[in-house]
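Given next, in structure tokens, is a single chain: the form predicted on its own.
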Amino acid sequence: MTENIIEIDHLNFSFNKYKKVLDDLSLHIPKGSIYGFLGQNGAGKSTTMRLITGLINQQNSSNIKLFGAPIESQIPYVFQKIGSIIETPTLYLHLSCLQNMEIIAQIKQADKTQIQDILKLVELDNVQNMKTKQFSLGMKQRLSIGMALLGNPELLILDEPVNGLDPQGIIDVRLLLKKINKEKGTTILISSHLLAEIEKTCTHVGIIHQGKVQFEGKLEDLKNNAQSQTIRIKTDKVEHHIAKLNAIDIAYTAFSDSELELNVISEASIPEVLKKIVLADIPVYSLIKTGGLEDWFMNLTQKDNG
């Protein structure tokens, strides 16, 4: 049985009596995973992370376990095992990259001899003497992750780590997180509202909407839930091609006089379906793909939980 680094069971939380921020929330983050905590802005992701890291006092602290034990029984020592960036990273902009690392190492009472290895890992060793005010946003984020890695934490918690980054910065952070997970064995919890990024980065996913968990499981389970897709093709008169469609055994619906909706098993099966259509001498003037993971996720996180 897989060991869970974080276990949250039936957690409720509110800042006032009028509205719950978290509603019977349960999460299970396996050891060694990259866990994507996915939801729209305001869904409750940051509040959950603040509770896990002790930045908000819990109303019922027994609901959260870290490393197999209730969090309140381990404070403050448990935080030596955790590195975190919640919301905007804080840096001393007038100091160099190396000086920032040294200050955080001193605060965390971490071994300073690991600084150079970490700077190499986050690919900032060649600019370690540059003042951080000269850094791009992506470089600042990688430095912040490096600071969070001081002390060799078993768990890394990152709140929206690619928020605001340009495409190259997003790729750099994604590759870095995968590298940290693979080389150090660090369990990583990432919150995000970006489905595509979670899909490219994570091994496990939890989806939250209006404080409630809508899905939790492995990434492949999430994809299986949303596997069915539809493609809509524009052709000439649909009525001219009914016999051909029946002959090649493709499930279809006549969307209009000149449009067909075809059911496909998965995105990977679309080229084969189109090949059959073309070989059956059915012209294809345009194609629109609907359904799949993105549409499923949008429907899941836009529904009214009432």
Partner chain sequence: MVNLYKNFSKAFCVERIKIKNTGTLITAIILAVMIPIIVTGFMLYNLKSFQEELKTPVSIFESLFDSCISGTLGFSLPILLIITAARVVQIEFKNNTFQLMETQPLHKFSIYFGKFAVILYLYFISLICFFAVHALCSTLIYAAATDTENLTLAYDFSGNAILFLRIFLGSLFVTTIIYVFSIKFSNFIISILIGFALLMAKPILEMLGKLPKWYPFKLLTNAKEASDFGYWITYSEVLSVLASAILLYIGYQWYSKKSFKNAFLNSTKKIVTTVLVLGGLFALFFWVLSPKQTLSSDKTRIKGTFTSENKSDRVYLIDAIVSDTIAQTTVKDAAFDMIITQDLPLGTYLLRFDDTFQKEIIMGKNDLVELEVHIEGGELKAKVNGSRLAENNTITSVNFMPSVAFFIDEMSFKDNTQLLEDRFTTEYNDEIKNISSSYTTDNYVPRQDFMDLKKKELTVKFLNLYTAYQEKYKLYYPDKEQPNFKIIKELKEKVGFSERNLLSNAEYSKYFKAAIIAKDTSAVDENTKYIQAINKLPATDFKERLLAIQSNTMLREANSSAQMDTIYGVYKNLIQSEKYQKFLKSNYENYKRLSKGTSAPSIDATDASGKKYQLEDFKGSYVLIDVWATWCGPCKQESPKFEQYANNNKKANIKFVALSIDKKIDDWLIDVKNKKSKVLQLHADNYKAFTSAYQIMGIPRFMLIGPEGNIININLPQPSDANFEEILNSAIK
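Residue numbers count along the first chain shown, from 1. What you see is a predicted model; the values in this text were computed from it and never measured. What we label the rigid core is the largest C-alpha set whose atoms superpose within 1.5 Å from one form to the other.
One more form of this protein exists, namely the form predicted in complex with the partner chain; it is left out here, but the text below deals with it.
message: I115, K178 and K182 - do all three of these have some heavy atom no more than 4.5 Å from the partner chain in the model of the complex?
response: No, none of I115, K178 and K182 comes within 4.5 Å of the partner chain in the model of the complex.
- prompt: Is there a non-hydrogen atom of N41 within 4.5 angstroms of a non-hydrogen atom of the partner chain in the model of the complex?
  reply: Judged by the heavy-atom cut-off of 4.5 Å, N41 is well away from the partner chain in the model of the complex.
- request: Verify the contact flag for S136: yes if a non-hydrogen atom of it lies within 4.5 Å of a non-hydrogen atom of the partner chain in the model of the complex, no if not.
  value: No - in the model of the complex, heavy atoms of S136 and the partner chain never come within 4.5 Å of each other.
- prompt: Any of the heavy atoms of L91 lying within 4.5 Å of the partner chain in the model of the complex?
  reply: Yes.
- prompt: Does the partner chain get within 4.5 angstroms of any non-hydrogen atom of M147 in the model of the complex?
  reply: Yes, contact at 4.5 Å.
task: Could you work out which of N63, S46, T53, S33 is the residue within 4.5 angstroms of the partner chain in the model of the complex, going by heavy atoms?
output: The option sitting close enough to the partner is T53.
Position in contact with the partner chain when the complex is considered in the model of the complex, options K108, H193, R174, K223, heavy atoms within 4.5 Å: Residue within 4.5 Å of the partner: K108.
- request: From the candidate stretches 116 to 124, 160 to 168, 97 to 105, 207 to 215, select the single one in contact with the partner chain in the model of the complex, where contact means a heavy atom within 4.5 Å.
  value: Flagged stretch: 97 to 105.
- prompt: Any chance the CA of H193 moves 2 angstroms or more between this form and the one not shown, core superposed?
  reply: Superposed on the core, H193 moves its C-alpha less than 2 Å between this form and the one not shown.
message: Superposing on the rigid core, I want to see if T132 changes position between this form and the one not shown - specifically a Cα shift of 2 Å or more.
response: T132: C-alpha displaced by 2 Å or more between this form and the one not shown.
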